[in-house]
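Just one chain follows, in the form predicted on its own, and it is written as structure tokens.
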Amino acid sequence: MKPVLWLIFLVLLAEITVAAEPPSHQEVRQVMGTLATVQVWAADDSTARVAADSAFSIFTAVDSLMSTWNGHSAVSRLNAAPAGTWVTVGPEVCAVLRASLEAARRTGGAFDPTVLPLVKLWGFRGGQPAVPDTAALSRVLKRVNFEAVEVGRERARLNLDDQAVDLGGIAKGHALDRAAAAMIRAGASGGVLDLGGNLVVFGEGPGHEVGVVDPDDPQSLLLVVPMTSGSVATSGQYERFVSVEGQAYGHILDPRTGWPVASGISATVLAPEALWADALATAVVVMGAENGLKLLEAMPGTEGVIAGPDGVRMTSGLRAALGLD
């Protein structure tokens, strides 16, 4: 593993800026249904502000294309079309759709972009949360099938009745990759971008520390490590719950069974691209520690940490780099 990789480490719920010098400009805005913080290092204030604006413009553009809360987005138009109908969604949406399908194949369906009907059935997208009955769950699971999605250069189609895709598990990572590139083009010499807990650090100047949160006690940290460059994402079944008849159910669903995954587990993934860190973090929570670690070990340049009831486990490359073997 390259020496820099261990510095890119993990989780995002507790962030402590430790830059040798303060950013030239820092700004926080509400975008993509969450808070985004953009820090920029640049030769002058004017360049830094232009770079920050370019990042926020990317976030807004990606949201306008891929949000399922926006009925006019390209993804919403795809979802609204009759089964088997090709819909022009543009090359960017098609690229992210292809990546999401590849993530689904690599994870054996633990990550599945067609999970939206299942999320709605549980009431996690508005309405009254409820545990679905067996018949309803069976009907909806038939629509959760990434293999029924076809993607071309600028068009895509869903081949099952009432099927719908949700790119929420990968779009933020994609937006971060694009935003970092846009900031560099605008003249930024370095930057830290935090989009709802997904993080990218690049270039000269930034220094950062990130804390690995204890899923049994989200107010406590298991580990704090420096981060100088790269991308990292975390996902955990301790972040959002709904209560049904006194029973708490986490928001992360297993697309293969239709049920929420076990609580008290978190996964933090370091990957060459924020898009992949985003998708894999959720998939590993669904897959569990053993299978999740096998997946990460098999992916070049990817490292991770999984915290759960059985303790903290991490990929072999990361353990070796931290001198824990």
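Counting begins at 1, following the sequence as shown. Just so it is clear, the model here is predicted, and its values are computed rather than measured.
Below: the form predicted in complex with ligand ADP, not depicted.
Colleague: Would N79, P117 and A148 all count as contacting ligand ADP in the predicted bound form, using a 4.5 Å heavy atom cut-off?
Modeller: Not one of the three qualifies.
Colleague: Select, from the options 79-87, 132-140, 192-200, 148-156, the stretch whose residues sit within 4.5 angstroms of ligand ADP in the predicted bound form by heavy atom distance.
Modeller: One stretch meets the cut-off, namely 192-200.
Colleague: Is there any non-hydrogen atom of A99 lying within 4.5 Å of ligand ADP in the predicted bound form?
Modeller: Although ligand ADP is absent here, A99 would stay clear of it in the predicted bound form, with no heavy atoms inside 4.5 Å.
Colleague: Test of understanding: in the predicted bound form, would S235 fall inside 4.5 Å of ligand ADP by heavy atoms?
Modeller: It does: once ligand ADP is placed as it appears in the predicted bound form, S235 has a heavy atom within 4.5 Å of it.
Colleague: Indicate whether M66 is a 4.5 Å heavy atom neighbour of ligand ADP in the predicted bound form.
Modeller: M66 lies outside the contact set for ligand ADP.
Colleague: Considering only heavy atoms, tell me if K172 and ligand ADP come within 4.5 Å of each other in the predicted bound form.
Modeller: Yes, K172 lies within 4.5 Å of ligand ADP in the predicted bound form.
Colleague: Find the only residue in A110, L176, M183, V75 having a heavy atom within 4.5 Å of ligand ADP in the predicted bound form.
Modeller: Checked against the cut-off, the match is A110.
Colleague: What residues of 250-272, in sequence order, lie within 4.5 Å of ligand ADP in the predicted bound form by heavy atom?
Modeller: Going through 250-272 in order - heavy atoms within 4.5 Å of ligand ADP in the predicted bound form - the hits are H251, I252, L253, P255.
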